[in-house]
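First comes one chain, alone, set out as structure tokens in the form predicted alone.
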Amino acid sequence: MWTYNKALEYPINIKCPNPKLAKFIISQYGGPDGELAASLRYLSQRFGMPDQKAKAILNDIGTEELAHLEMVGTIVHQLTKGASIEEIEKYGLGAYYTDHGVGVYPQAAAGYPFTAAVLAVKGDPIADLQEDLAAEQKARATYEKLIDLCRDDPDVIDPLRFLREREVVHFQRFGEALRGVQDKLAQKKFCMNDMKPINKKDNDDCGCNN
């Protein structure tokens, strides 16, 4: 059960519409490394974790990514709110406007819509957590590129910096989860071919080094 607080995790108050920036930033709403993908990935992966601490970390971060999705959607909304049709068309959002108006639709900056094909859920805790570490680094790198593109607009840069910093924290927490899972798996004899507990005879026959 989730409780929704009717306030953004970090305040956003953009004074000047800028459809050009909105076209770029929307990638963190519905792009392959964006907040929607991150949230669904983590909230799905948690079921395959072997201990409650790892499950809790994935649940916590997956939930926070929903808050970040709300923040990115708010940024896109404020950047397009009040923009003229001429501005929308000038900055390449004519096709987007035709299909969605100035609504916030999950897609990448390149224009293709969100797809669940970007979700990496392997059912192997080590593989999933390694994927999560990479995902947080990719998200951090994307935010840094967006900050570069925003240049002199502090109203946009400030929340983007907050989001970038949270990706760093998430990376650290996933590292903590990975170490915990590795320690737990090391407590038992496991065949690394199938990640299931085995007896000594099977262990001798499986061909792995455990």
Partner chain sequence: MIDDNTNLDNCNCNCDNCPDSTRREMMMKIRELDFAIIELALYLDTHPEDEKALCLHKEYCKDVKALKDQYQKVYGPLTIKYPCNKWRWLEEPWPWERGNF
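What you are looking at is a predicted structure, and each value in this text was computed from that prediction instead of being measured. Positions refer to the first chain, counted from 1.
There is another form of the same protein, the form predicted together with the partner chain; it is not shown, and what comes next is about it.
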Open item on the list: Can you work out whether residue 41 and the partner chain are in contact in the predicted bound form, taking contact to mean some heavy atom pair no more than 4.5 Å apart?
Closed with: no
TODO: Verify the contact flag for residue 10: yes if a non-hydrogen atom of it lies within 4.5 Å of a non-hydrogen atom of the partner chain in the predicted bound form, no if not.
DONE: yes
Open item on the list: Just checking whether residue 141 would be counted as a contact of the partner chain in the predicted bound form - the rule being heavy atoms within 4.5 angstroms.
Closed with: no
Task: Contact flag, residue 64 vs the partner chain in the predicted bound form, heavy atom cut 4.5 Å - done: yes
- [ ] Name the single residue among 122, 90, 100, 81 that comes within 4.5 Å of the partner chain in the predicted bound form, judging by heavy atoms.
- [x] 81
- [ ] Choose one stretch from 71 to 79, 126 to 134, 91 to 99, 112 to 120: the one whose residues place a heavy atom within 4.5 angstroms of the partner chain in the predicted bound form.
- [x] 71 to 79
- [ ] State yes only if every one of 57, 166 and 177 has a non-hydrogen atom within 4.5 Å of the partner chain in the predicted bound form; otherwise state no.
- [x] yes
- [ ] For the heavy atom contacts within 4.5 Å of the partner chain in the predicted bound form, list the residues of 151 to 174 involved, in sequence order.
- [x] 162, 166, 169, 170, 173
